[in-house]
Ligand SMILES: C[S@@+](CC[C@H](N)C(=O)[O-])C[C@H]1O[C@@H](n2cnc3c(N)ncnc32)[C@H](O)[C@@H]1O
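Quick heads-up: it's one chain on its own, the form predicted alone, in structure tokens.
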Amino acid sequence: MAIKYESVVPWGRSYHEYISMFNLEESDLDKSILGCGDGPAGFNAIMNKNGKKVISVDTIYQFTSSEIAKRIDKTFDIVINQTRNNLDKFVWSDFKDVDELGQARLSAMKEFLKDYEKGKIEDRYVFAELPGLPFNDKNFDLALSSHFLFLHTDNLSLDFHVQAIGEMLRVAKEVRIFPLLDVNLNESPYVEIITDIYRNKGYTVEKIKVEYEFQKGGNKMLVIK
């Protein structure tokens, strides 16, 4: 289902954040990668510059670059002010303050916007959403989901999570999900349930600590393969 333009709050993370969040090694970067819910992140753009293969899916890819840019301009200060009002919920080691965070996010989103229209023509930015992906079985080596699954535990049901992760596993040999926290900085109760469900299906499921931590306690990913 397409989202409404007025509800879009674009917020993009950088290439280097993706590397840290998902513990991506050089060998991983040579794999075929699917990013689920990438939004205006800079990862796809930089990977493409480096001759690597990433396809990103998101509902915001139904909009033009100018439409997304306008939403960034309209919502940026709102998100930054929300962060400023919740400083104690974050770890200020990679970013010295909110202003530096804001500049890093803007830089990543500008990288995305420069690449976006070209990437759409090349089918690197695909308008789609979980739990329905327009790809063949095992089309990818690796599927990534950042700040979507588990984070929105209050709004997305357990059944949605099971379907979404099942769809990611249908199209990819390995799935990595980051972080494992909900919006209240607690580990989502879905994590253990999902772990049991997919172990019972014969998958290897691991919680792995990563170097990245911005939300307090948000330094683990779930790997299913």
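Don't overthink the numbering: it's just position in the shown sequence, from 1. Note that the structure is predicted; figures quoted are calculated from it, not measured.
As for the form predicted together with the named molecule, it is not shown, yet the points below apply to it.
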| field | Contact of Lys89 with the named molecule in the model of the complex (heavy atom, 4.5 Å) | value | no
| message | Please determine whether Glu129 contacts the named molecule in the model of the complex, using a 4.5 Å cut-off between heavy atoms. | response | yes
| task | Decide whether Ile60 counts as a contact residue for the named molecule in the model of the complex under a heavy atom distance cut-off of 4.5 Å. | result | yes
| Using heavy atoms and a 4.5 Å limit, would one call Gly166 a contact residue for the named molecule in the model of the complex? | no
| field | Phe148, Phe76, Phe95, Phe135 - the one with a heavy atom within 4.5 Å of the named molecule in the model of the complex | value | Phe148
| query | From the list Tyr15, Tyr203, Phe214, Trp11, which entry has a heavy atom within 4.5 Å of the named molecule in the model of the complex? | reply | Trp11
| For the chain seen here without its partner, which of 66-74, 193-201, 25-33, 52-60 has a heavy atom within 4.5 Å of the named molecule in the model of the complex? | 52-60
